[in-house]
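One chain comes next, on its own, written out as structure tokens in the form predicted on its own.
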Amino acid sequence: MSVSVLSSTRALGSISGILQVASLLCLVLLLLLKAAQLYLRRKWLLKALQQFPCPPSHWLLGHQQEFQNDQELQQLQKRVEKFPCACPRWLWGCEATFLVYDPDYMKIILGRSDPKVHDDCRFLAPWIGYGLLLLNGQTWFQHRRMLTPAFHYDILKPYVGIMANSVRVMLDKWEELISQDSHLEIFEHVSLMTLDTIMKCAFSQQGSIQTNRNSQSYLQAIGDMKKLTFSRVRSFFYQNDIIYGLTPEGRRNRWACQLAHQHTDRVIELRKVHLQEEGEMEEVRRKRHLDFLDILLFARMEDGSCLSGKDIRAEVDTFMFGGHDTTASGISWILYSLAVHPEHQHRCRKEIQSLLGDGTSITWDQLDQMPYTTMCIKEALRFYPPIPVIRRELSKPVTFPDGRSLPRGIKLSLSFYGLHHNPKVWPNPEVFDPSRFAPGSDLHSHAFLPFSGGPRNCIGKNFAMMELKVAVALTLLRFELAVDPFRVPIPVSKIVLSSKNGIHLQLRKLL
């Protein structure tokens, strides 16, 4: 009996050992196959990008040193000066993106229908879902056509008053704060104001949103997700969803997504409840033009079906983020630019005072009657484009005007920041010169792209420009702006252009 048991034990031990060896061999084989795959990918990229020189890169780490210490934008400007039109940037040994910062190159790429980079969509989808920003092909076209009426001029005109009221709430708050200290970090306040505006204009929300704790929690979640998503794109070890989900950053990302979704779900549910009240549904149906959220709730697709709850939330998540954060970036950097250049600030103020007087009201028609202020706004958007870069993946080969070409499958980074600081496009690009946008200026059609270009340009660009003008005009009537010499902002690209150390200004109330 004991001999039999001993024999069985030995046999099991022998089988277990064989299985361990087999498992180890399988693991080694998988690693070798993966290494071969990465090696072949690198060889293909080297061949595909050989026509375009770039700075020397490490065989494994690529150009990672450019991303350290938030020096990416400064390094980008060096590339733009040295390498005409475009150049590769290696993220790591087997992954590269093709940087574009030339208007002719931009025109060709933006005129095509290349999709968003798959990994970018995969990283962003848990946050904003597959709405207009991430969709491609026919589904994107259907959603774009469906939502375009939400930005019709007849819809936008009444928004001017809502925007002005939101700005005044912010400015009143600034008056109280500077009575204690004239130094103020403005980006957080501007973000609350633009969130207030988009929620009232596009989502029919009421109440004091700028003092609402839920709004502040939402903004914190958005800030966290921007940083986490941007860092994930740059990390080789965070590309796998399972591995990333197990990391502290992955858990933080998941928690921030939940907070953002709770906010947008609440917005959708409140509107549904309101529409179910007696008479409200029919009153909305009789409107010639519907607000953004009402379009989604009443939408019918080509097959007659309604949008799913998932699709509605994706569009609300997309526009809730895109409709406030990019505009907040634009307004903050414009005010900073005017603080840096008091001569232009003074001239803008004189123009606005002659048009608006004490600023008790501002109308749609007046927005087109401030030409110099508009020139300064555009020059600030050139200097500090709210979206510094977008990415595409070539769905078919492309040949550029200079004869160089790229094959299908190459990932492109269309750098609007690089384009706007390209000395071959903008002479003395680091000089703030609003006259670049004087009437009659001869600009390349794709030299200035603060709202992207082509068929996938920003659907809300007219809404955004309205809000920029309203915010700048009313702020200059109330305050004189100056820089804080001890806290100069450091621009960083985190999906939306922000500042590493905030945007601090000194404010003086005008009598």
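All residue numbers refer to positions in the sequence shown, first residue = 1. In this text the structure is predicted, and so the values were computed from the model without any measurement.
Below: the form predicted together with a small molecule, not depicted.
Contact with the small molecule in the predicted bound form, judged as any non-hydrogen atom within 4.5 angstroms, is confined among 350-358, 243-251, 94-102, 127-135 to 127-135. Checked against the small molecule in the predicted bound form, the residues Ala260, Ile390, Val425, Met199 give one hit for a heavy atom within 4.5 Å, which is Ile390.
With the partner omitted from this view, the residue of Thr326, Ser191, Thr229, Gln345 that lies near the small molecule in the predicted bound form is Thr326 [heavy atom within 4.5 Å].
Taking non-hydrogen atoms only, Gln68 never approaches the small molecule to within 4.5 angstroms in the predicted bound form. The small molecule in the predicted bound form comes within 4.5 Å of no heavy atom belonging to Arg478. Although the partner is absent here, Ile459 lies within 4.5 Å of the small molecule in the predicted bound form, judged by heavy atoms. The small molecule is not shown here, but in the predicted bound form it comes within 4.5 Å of a heavy atom of Gly322.
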